[in-house]
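Single chain ahead, written as structure tokens, the form predicted on its own.
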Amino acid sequence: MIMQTVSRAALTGFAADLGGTKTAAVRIENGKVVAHRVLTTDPNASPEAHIAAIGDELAQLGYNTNAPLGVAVAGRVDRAGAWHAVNRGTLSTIENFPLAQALNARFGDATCLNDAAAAALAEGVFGAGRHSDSFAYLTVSTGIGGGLVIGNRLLSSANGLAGHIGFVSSRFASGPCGCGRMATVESIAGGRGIAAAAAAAGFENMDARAVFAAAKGGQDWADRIIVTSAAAVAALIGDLTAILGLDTVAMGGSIGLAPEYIERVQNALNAEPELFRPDLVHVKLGHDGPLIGALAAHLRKETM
């Protein structure tokens, strides 16, 4: 979808972002979030319950049926609008659910897409990649996701898998990934992978936040895990650059935005030949990225 005809100032409407941890709903006026609501996502809720929760939050923001609405969700959304959980550990009940149909029945008209793809679209057109010709958005959080904006166009595929870059193989990994593949970037570099590495090192029941705290406190075992995570992400950036000729990569997510993490990734990326080292920057739109991108995708659809 090409976004050249939609300016950020033209973005007025509503958006929701359903993630594995939280669900946010916002009202956007002239490209800016002016009202915001958030609730904890129930990973075991049915798809219908998720939609009902989004509806309740939107109602609190003044949403009226048929107002412009974009919805970003964790998982894979295919071109037919069906919703699939790629990692069953995040949303356990999602399997080939007709999300676009259900949203249109509930809200009158809405556009749905993957949350990382929505963030990539927003960052690529309005944020960190707005001057880029070949841009990648990379979120490092519980898992690893992303999106690709090439020539101002968000890359998509009929099966909805385009942009799920965390499922690329990694030479730093050896264990299983929640997507069903073995030895992926997500399995070693994402939050679950970091926790698994800590457990393998003899430190049970530690999440990524605790591992980062231990590394900051001078624990060598924890520092090695974070260094490996950053090296895997840097190698992924090099691989994507070899394939797509990237000039800019923007990093977000709770781990991607953690203190000094991007510097660790940059240090590892510096070992790559210069040709495979795109500019590496933080995201510009923060947590609003998927929401802005979701509404932008909806408004672009209306003008086609």
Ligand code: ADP
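The first residue of the sequence shown is number 1, and the count goes up from there. Just so it is clear, the structure is predicted and the values come from calculations on it, not from any experiment.
Note that the form predicted together with the ligand isn't included here; everything after this is about it.
> To test your reading of this chain, name the stretch in 34 to 42, 54 to 62, 254 to 262, 271 to 279 whose heavy atoms come within 4.5 Å of the ligand in the predicted complex.
Only one stretch qualifies here: 254 to 262.
> By the heavy atom within 4.5 Å rule, which residue out of Ser141, Thr228, Ser134, Ser156 makes contact with the ligand in the predicted complex?
Partner contact (heavy atom, 4.5 Å) among the options: Ser141.
> Sort through Asp109, Asp207, Asp223, Glu95 and report the residue having a heavy atom within 4.5 Å of the ligand in the predicted complex.
Flagged contact: Asp207.
> Taking the shortest heavy atom distance, is Lys284 within 4.5 Å of the ligand in the predicted complex?
Because no heavy atom of Lys284 falls inside 4.5 Å of the ligand in the predicted complex, the answer is no.
> Verify the contact flag for Gly163: yes if a non-hydrogen atom of it lies within 4.5 Å of a non-hydrogen atom of the ligand in the predicted complex, no if not.
No, Gly163 stays farther than 4.5 Å from the ligand in the predicted complex.
> Although the partner isn't part of this model, could you tell me whether Trp83 comes within 4.5 Å of the ligand in the predicted complex, counting any heavy atom of the residue?
No, no contact at 4.5 Å.
> Thr21 near the ligand in the predicted complex, any heavy atom under 4.5 Å?
Thr21: contacts the ligand in the predicted complex.
> Residue by residue through 210 to 236, which ones have a non-hydrogen atom no more than 4.5 angstroms from the ligand in the predicted complex?
Result: Phe212 alone.
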